[in-house]
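Quick setup: the structure tokens below cover two forms of a single protein chain, split into structure 1 and structure 2.
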Structure 1
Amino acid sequence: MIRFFVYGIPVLLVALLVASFVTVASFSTDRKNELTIGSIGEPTKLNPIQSAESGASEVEGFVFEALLQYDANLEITTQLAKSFTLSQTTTVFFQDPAAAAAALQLVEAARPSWSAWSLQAARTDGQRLLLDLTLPGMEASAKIFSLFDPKTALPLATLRVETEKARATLEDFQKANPDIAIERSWFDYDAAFEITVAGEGTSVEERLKKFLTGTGNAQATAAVSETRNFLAEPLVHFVLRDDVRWHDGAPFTSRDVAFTYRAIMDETVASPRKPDFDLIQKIETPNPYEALVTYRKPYSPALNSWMMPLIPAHILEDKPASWWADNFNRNPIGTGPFKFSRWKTNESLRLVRNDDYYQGPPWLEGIVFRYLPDPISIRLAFMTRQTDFWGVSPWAVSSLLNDSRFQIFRYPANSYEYVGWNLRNPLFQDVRVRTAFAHAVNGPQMIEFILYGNGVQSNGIFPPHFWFSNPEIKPIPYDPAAAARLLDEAGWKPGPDGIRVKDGKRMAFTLIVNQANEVRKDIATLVQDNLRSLGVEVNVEIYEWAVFISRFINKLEFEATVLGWSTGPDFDVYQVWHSSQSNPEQLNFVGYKNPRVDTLIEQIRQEYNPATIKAMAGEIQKLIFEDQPYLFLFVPNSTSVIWKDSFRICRPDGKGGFMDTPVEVTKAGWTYYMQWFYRPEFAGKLPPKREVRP
């Protein structure tokens, strides 16, 4: 008996191991008409308005759809919307109805200029003069406003009140002060509200303050946040597709658009997307296939935010946040070409073909994501064809380049890496010093050896492939002699130990990097090495992300840091470069301040004309580049690889027919044509081809 335990069980175990090995090894993989992706980043919640990480958007991109999308060339086009039009209503307030009528006559008299202003109609409503413009923006409205006698016009004051229970507070305030005419109101969760009143607003501010202290709300604050000459309120009019159904069969309507907006603004949903929608005054849905979005002020990047996928109202409305987390977020329902099927946590996630897709069912039967937490496993799984796709790191691409079995995709990423100098530190306040550092760091070599050539040198805050990027800015060349000269000029002379000194202070600083990012660690080591030969002592310190952010970056307690920005093609850089954003917890953590840049940043957000946007963005980029608050390093390539014989694309050629091509990569990434991917061995078994309605 005991002897059996001692010898029998080990023998049994070994036998079992051998049997299982033989079994597994004897079966070969059945290739299905599916695509398998090996990925490190597992989503946390499959809800596009609650998740912000790349792992989730990778999956959501196939399940959900938005009103608008980028086309293959990264230009905005429609998806669930059939069309969209922009317009604007500008409202000017006058002392009394008579003044408004007089102003209307001035506008009527200037009728020849109407088309230049894109003005379509003008009318009065009591003391208000309303102007309908076909193009949103501030410029035309300002010109019209200059026709009027400023003494007869009333300014508009916006007051912001931070208080608990904002909705109830405003209601009570209105009841207590029925004489105050509130033109517009808006709530920032239930934690603050903004109201707009005609006039300077100072008296309203005082009454608000008195009201708040009177109700014992001691922590609340009230202040005039903005005074304007007129209200310029852009309007986006979406006409929706009428042939779209959610995966459960319910029709997609404008109710879903309005609901998605409401959900984003709801505090229990805690959507990270909310700031994109903060400038919306209201959304109206006159019928199921029309949605009218009114903005509180011109904000040209707003259109981009409608590329955010929509969620189904008929499922989520009136459900608590916990229901979302327990049900929908792990069993999502969208309108996209693939339906969610199954998610085994920490293992895999499966999507299947949506047979009712309005553009016809996709060719592939499904997409499988396999979550492998170790980069080596991902690579092994790909090399043994357990997965079809590998988001390969730039350095590993070089070993696959000459291998005919693979097809490699390389396209510029929407990101750039930099070294940020804390400009509050006296060491970095001289622009000559910062420029010298830029001369001293060997950028081309860094790209050659860290990225294996998969990238270009960065020439400022906008990657060169963005349409508004300024092509005239040239990266600062590697020139150690010029660097040394600049430091000499700035008064930093080599000291006894080879390190430069000025006024008894050694040129030494600490460069912090976040852990788990190999590229940034390598950058830090190279910067340290390059600057050492210039006579600068760099001490590299590496911290885990959570610590890196909360202890150093958010508290602005660092000297220099290696970081990267990854953004869509967005010309609004308010959060990162406006001087008002340089407090703790904000993103202008280097403390950059340039009044001209501030003005431009404020103006460009209100500008809708592409040519003007390009000019202004170019100037912002140039000014910031000249100031060198960052050492701009490079824009890397996104690199990925698939097995060449795995897939082909058969997609509409735009002329009513289909074209069959190898897998091709677009500016918008390699998954852009995913619904038209198929495996060649299944070519005969694909769903019937349908005519695609544009």
Structure 2
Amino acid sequence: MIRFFVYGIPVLLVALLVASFVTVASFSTDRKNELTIGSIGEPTKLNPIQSAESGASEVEGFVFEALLQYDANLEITTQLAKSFTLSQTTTVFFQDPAAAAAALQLVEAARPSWSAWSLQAARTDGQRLLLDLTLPGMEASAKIFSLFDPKTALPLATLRVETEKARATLEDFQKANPDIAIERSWFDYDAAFEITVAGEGTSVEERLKKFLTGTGNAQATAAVSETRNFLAEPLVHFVLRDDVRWHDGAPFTSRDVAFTYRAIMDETVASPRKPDFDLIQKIETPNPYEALVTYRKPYSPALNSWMMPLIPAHILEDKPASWWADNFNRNPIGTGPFKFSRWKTNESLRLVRNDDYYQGPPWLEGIVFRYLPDPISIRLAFMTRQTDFWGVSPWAVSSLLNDSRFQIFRYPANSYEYVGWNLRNPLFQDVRVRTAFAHAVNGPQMIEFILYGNGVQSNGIFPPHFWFSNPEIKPIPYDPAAAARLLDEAGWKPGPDGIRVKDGKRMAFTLIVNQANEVRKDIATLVQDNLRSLGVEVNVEIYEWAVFISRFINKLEFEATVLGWSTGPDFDVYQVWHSSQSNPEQLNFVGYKNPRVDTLIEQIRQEYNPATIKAMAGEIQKLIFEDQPYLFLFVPNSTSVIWKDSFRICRPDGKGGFMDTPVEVTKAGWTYYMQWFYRPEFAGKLPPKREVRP
């Protein structure tokens, strides 16, 4: 036995070391021309119109595609669309055809101004004057309208009716009131409808209310929701690529565009993307390779919304959402450069090369996502070359900067971390309390000890490097004395045990955070400690991600939470901050409501002038920051690392050829050219190059 301990254990250790070396060497030798990514964010489903998780979107980006996309410089460009054009038809209603004809004469007399108005043509249709503009927006149409005598023009009223079985209700109302000319109609699921009529709308409102009362629907409501001088209806005309096929070989056509839209608007699908498409009046598909999208009013984020990946009509149409869950969401079919292969829950997800990809097959044979329990496991997997990519934890950045084995990419993240207060809770309804908490939490210390200096304090809903972010907004400074004064003013006074009390209620709440995110757990600990010094009792609870989202956030059953938003360079914040989006399963889960912010969010969606957009976005950011519905914490730096020279990029040069470069970081991130990645040792075994069609 002694001899075993003296000689046997060292020999065993050497044997294990040799075995490990052989295993690693064999792993390296047998490595395929593929990329392996470590992640703690396993998706729950792979369906881009239903999922809203970062773990799902990073996979979906390789499998599914959209009509439009951002290029490497974050400019909008085409993907499944070959081209797109914007235009607008503005319709003005008059008392009679003679008044419309007189208005047309005024427009013709102002022809020297047509170019400035982007006006291309004008014509009458009975009592309507139709103006064709080459650019959407309200400003030019308003200037043209100012030419007319408003007494001869008819206003337009939009009425909203909340009722059960909205489609059947409107049909019955039209049958009962055939004399009412409804110019436009739109349905919000089957729970509400909106109609637009020429005239003041009050008489139609009264007739609607009388009709609804007669149907016995006591819960139904009807009211004029908006009045306008004219209809301004933008049109986006997409011409689609004719060389795209779904992964099962079926052709991609305009049918898929129209179906994706209908699915998003389908109540049974419960898509969180619906607000991006609510302003669409109709989609027409005159042939398989054209799609015409008409909007009810100007909507400047329209092009951004068509970066929504599309789903296949030939598979999902006429199938219930339950069928999707069982047959598609874990076995997706897209048009992207990589195809779904297999998914082992809590272990890995594999994508393989799409050899039928319209731009030519990607160089990589596949992409593998390995799902690991925590950041330490991800680091170990990377350091032992079981994964090729590591989104570096802040604490590890400094140890890698001077290591010649690695290629490091660092840039400001398009994201921010925050503590969200559930504003339905009386404790958080006083802005003085929320501002006091912001003063009490030591932001600079958080950046120093949690991010190791790799970030900046947040000044609101937009990362500071976005072009429309408001640089005049300064983070709330760490000031415990100011925090104490604000709580005193709000009536929260220290109790016998040091915890503040008001009207017999202790200042205590539960802060929830998701498992496997060390940064957020550290945030929760520091918030707990900082607020305890102020006399606030914070109980921290940690939950697995799926439970955290489905049980607490989606159901609005929480008091406070640590979370973060990853955003694109998009100024439209309707889904997160508009008061209408504060219901269960929606993204304004903190319940923020500010009428002025609502108005600005609605107006900015109709604005196309960059200077005006910047001013309006800045005001939205300022108002929300002053209200402090979130405790805005920090914008981190994004640091990613790969093994040096493990990959290269051979991508189209835009001139019919290819250019070979090291992996490079772009404004859209270092993974932008992923379909053109390859391992240098496989340079002679790549698929044949073929010309990439624009």
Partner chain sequence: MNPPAQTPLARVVSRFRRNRIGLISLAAIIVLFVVAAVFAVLSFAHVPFPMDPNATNLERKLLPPNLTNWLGTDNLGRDLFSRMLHGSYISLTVGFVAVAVSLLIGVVVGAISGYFGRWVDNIIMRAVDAIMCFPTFFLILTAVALLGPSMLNIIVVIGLVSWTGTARLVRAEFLTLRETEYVRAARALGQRTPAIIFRHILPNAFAPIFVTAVLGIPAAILTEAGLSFLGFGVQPPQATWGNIISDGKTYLLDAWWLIVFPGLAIFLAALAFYLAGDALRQAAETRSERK
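Each residue is numbered by where it sits in the sequence of structure 1, with counting from 1. Only the largest set of C-alpha atoms that superpose within 1.5 Å between the two forms is called the rigid core. Worth saying up front: this structure is predicted, and the values here are computed from it rather than measured.
- Between the two isolated copies of the chain, the second is the form predicted on its own.
- Once the cores line up, the CA of Thr335 ends up less than 2 angstroms apart between the two structures.
- With the core held fixed between the two structures, Thr567 has its Cα displaced by at least 2 Å.
- Remark: with the core as the superposition reference, the CA shift of Val441 between the two structures reaches 2 Å or more.
- A C-alpha shift of 3.6 Å is found for Ile613 between the two structures, based on superposition of the rigid core.
- Core-aligned Cα shift between the two structures at Asn539: this is 12.0 Å.
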